[in-house]
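First, one chain by itself: the form predicted alone, in structure tokens.
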Amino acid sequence: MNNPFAGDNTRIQRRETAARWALRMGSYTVVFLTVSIFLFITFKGLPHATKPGFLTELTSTLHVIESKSGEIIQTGPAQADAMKQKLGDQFVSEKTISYSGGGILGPIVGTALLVLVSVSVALFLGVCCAIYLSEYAKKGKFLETVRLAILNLAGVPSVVFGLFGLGAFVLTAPVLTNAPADRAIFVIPLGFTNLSFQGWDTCVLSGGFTLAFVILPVIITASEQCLQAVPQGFRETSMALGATRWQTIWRSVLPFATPGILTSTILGIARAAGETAPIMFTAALAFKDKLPWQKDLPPLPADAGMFAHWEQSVQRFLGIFTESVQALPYHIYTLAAKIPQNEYSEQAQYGSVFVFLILVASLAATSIWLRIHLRKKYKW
């Protein structure tokens, strides 16, 4: 039975229904666009990404050779001359497309190294900062200023981080050397060597440290929220049993905050892997014909001892982080903006984008799996 004293709610109900459908259609639109982009990139990039050698070969110049019979042959620089000699009089024309041949092993390796360095630095600094802000810092103007600075850092354009990395790491960072460069800002003699502020040049270290500052605000903010989400009773109980503040943090707080911290770290990895502007100034090259660990070193004498071989191995390992590298975002940018566009460069573009999209999606899936797995392990 209808309430005779109730007012007319028809207009309110219509507004509620319209608002609900507007929000629903907005959500459906976002999902539709996301799926459409993914399917389009898959359709365009999957055929090229599954070609033999695309994931296992280094980037090279693509040579497209046409014969009189109309046959189109795609080959690399090493095989181009042999192929033309084999065709003989059947050879008609040859076209070269830079960066579109071979595979993307170099960019994949370079991206992995940059992400490894950036996450290692950002995770250590970010978690330390979050612990201080959450567990040690007293509420006041200083704490508010630090948090405001973190928020401002999150809003800085990535190209500004690139210029910062160029000045701070490429041109200024300190190195230990016996022969300081002329461009060194100043040199501190240490007796056995010199501490020269001459920078690290463009290399994995410079790019990794720059990317670390790009993702640092995300890790600090997320880690602090995860620490604050741990019930205060855990801290009080631990300290009531005689534990120090650090023992309480290490044993009773961090384990329960770890799922959220790792999730934010994985999302930070996805952002670091996708940045282009910071690494343009600090680490990335458009082309490199060797992997970072394939650096040429002077051969050792035949009678070299075990220590000499060990020293060369260490030098080769450390040299990985002092080499410039290719990276997937910069490789895609080079293919799209730095060379004339044609069907062959387009294939390389979409193949690289597809692989990059799968890598980012894998990182996101890993973050979800870590969150579910660790939340089952640590419950309160």
Partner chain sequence: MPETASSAAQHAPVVQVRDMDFCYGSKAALHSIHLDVEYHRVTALIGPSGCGKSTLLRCINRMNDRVAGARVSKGEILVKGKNIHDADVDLTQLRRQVGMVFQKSNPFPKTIYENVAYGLRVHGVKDKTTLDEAVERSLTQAALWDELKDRLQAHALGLSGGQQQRLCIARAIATMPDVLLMDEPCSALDPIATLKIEELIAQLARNYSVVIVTHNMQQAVRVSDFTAFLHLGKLVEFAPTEELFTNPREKLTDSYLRGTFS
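Remember, predicted model here, so these are calculated numbers, not experimental data. Residue numbers count along the first chain shown, from 1.
Just so it is clear, the following notes concern the form predicted together with its partner chain, a form of the same protein that is not shown.
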Based on heavy atom distances of at most 4.5 Å to its partner chain in the predicted bound form, which listed stretch, 238-246, 264-272, 220-228, 108-116, is the contact stretch?
-> 238-246
Could you spot which one of 91, 164, 256, 213 gets a heavy atom to within 4.5 Å of its partner chain in the predicted bound form?
-> 256
Let me know the one among 189, 157, 233, 77 whose heavy atoms come within 4.5 Å of its partner chain in the predicted bound form, would you?
-> 233
Applying a 4.5 Å heavy atom distance criterion, does residue 172 contact its partner chain in the predicted bound form?
-> no
Considering only heavy atoms, tell me if residue 252 and its partner chain come within 4.5 Å of each other in the predicted bound form.
-> yes
